[in-house]
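So this first bit is one chain, no partners, the form predicted alone, shown in structure tokens.
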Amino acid sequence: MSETSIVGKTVLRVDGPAKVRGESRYGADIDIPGALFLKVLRSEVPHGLVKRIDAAEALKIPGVVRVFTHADVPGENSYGIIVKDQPALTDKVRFRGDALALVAAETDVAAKRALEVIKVEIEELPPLYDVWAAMDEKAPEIHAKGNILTVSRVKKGDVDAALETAAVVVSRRYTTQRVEHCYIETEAGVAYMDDDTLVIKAGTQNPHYDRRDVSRVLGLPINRVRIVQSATGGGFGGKLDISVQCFLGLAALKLGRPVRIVYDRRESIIATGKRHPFFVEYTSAATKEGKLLAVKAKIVGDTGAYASYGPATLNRAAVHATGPYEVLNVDIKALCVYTNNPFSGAMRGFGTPQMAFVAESQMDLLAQALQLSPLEIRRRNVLRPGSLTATGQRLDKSVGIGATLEAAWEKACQVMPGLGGEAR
């Protein structure tokens, strides 16, 4: 066998030396002479219709060049990685933090002062913070097509019959929390016109998708939009969504001058996506020998004001709801629901971490009910070569969960000899 050039070798990270030497230029580090400073006015109410935005006083402040609103967006004022439901600048508020106006000024101080004097009149609508309330037929609509964005189903076998014959059935309700990515580098970037081409340099995990959405929002042919990924700090999924890109593009295109924007920590937390909170009703059934017979679950994910990666997250939650275990009978329903909370998007695992918590909690409860060890019930149910997953996929190749469990148990016994050879 010929020697490989990569596998088994220490490979120098492409971006490693520059980062170690402090030479990497992140979005906030890029300095363009004469660049205008951008600041975003964000809603202080969670749900409402924008009736009026008066920027007259802001425009009197020395150094303020322009105030943009939704009326200034030249293209389709909607973007989104899966569903085009989020406006760059909005005339309907869907969460506390929605972007209402964009200020361009000669100095950061002038831009901040302008935000303080812009007058906004909003007709407030009843906010929906709870997914169950949002799913009520009489609930106010956050989006025109209703508050239930998507429904994903996974069905296999006959769950009801399995529940009737099971030796033990465990049902519980679970909730998981909303989580902020909180990467050290906040969202930032610059933009300028290169002849008739708009160039945007920003921290992002998705430059190709950014290009499509900026082109859409600004009404520019895609070949006139160039996205350059600056050195990007932490992302963890949080920089897959559009953040500063449309603001930068709108101002640079309309003003013909370079512009820059940097979110402070508060704005970063308010305006960007989070891990989806889940609300789960979950039932597991097993034989007296501890073999899983059935899993039935209803999963509701709070995608907040906008879809972002919600449909994909809830779809994957349904697919992975049974964990790394073989279950003969499965009935999973996963709903992605709009609320007036901050929007939820991509975060490492795409819905699987939430369901891992639920599925593994259920396995522990089944073990307890059957007087088996947590390790033993997993040994009897883990996926193996030849197993069928919840979606009916046969695993023909290697499956590592069993070997991983045994290796972990062996290491635990070495570290804590008192455990002995049996799992407790």
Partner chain sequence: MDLFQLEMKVNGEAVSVPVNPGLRLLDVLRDVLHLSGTKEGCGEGECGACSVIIDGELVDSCLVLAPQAHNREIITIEGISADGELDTLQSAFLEAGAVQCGYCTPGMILAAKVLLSKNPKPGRQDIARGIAGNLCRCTGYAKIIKAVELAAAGLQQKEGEAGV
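Numbering follows the first chain given and starts at 1. Note that the structure is predicted; figures quoted are calculated from it, not measured.
The same protein has a further form, the form predicted in complex with the partner chain, not shown here; the description that follows concerns it.
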property	result
Listed residue (111, 297, 347, 89) with a non-hydrogen atom within 4.5 angstroms of the partner chain in the predicted complex	347
One residue of 31, 364, 396, 44 in contact with the partner chain, assessed in the predicted complex (non-hydrogen atom, 4.5 angstroms)	31
Exercise: residue 158 in contact with the partner chain in the predicted complex, heavy atom 4.5 Å	no
Exercise: residue 184 in contact with the partner chain in the predicted complex, heavy atom 4.5 Å	yes
Residue contact check: residue 119 to the partner chain in the predicted complex, 4.5 Å heavy atom	no
4.5 Å heavy atom contact, residue 26 and the partner chain in the predicted complex	yes
Location of the partner chain contact in the predicted complex, chosen stretch of 149 to 157, 233 to 241, 210 to 218, 165 to 173 [non-hydrogen atom, 4.5 Å]	233 to 241
Stretch 7 to 33 - residues with a heavy atom within 4.5 Å of the partner chain in the predicted complex	12, 13, 16, 17, 19, 20, 21, 22, 24, 25, 26, 28, 29, 31
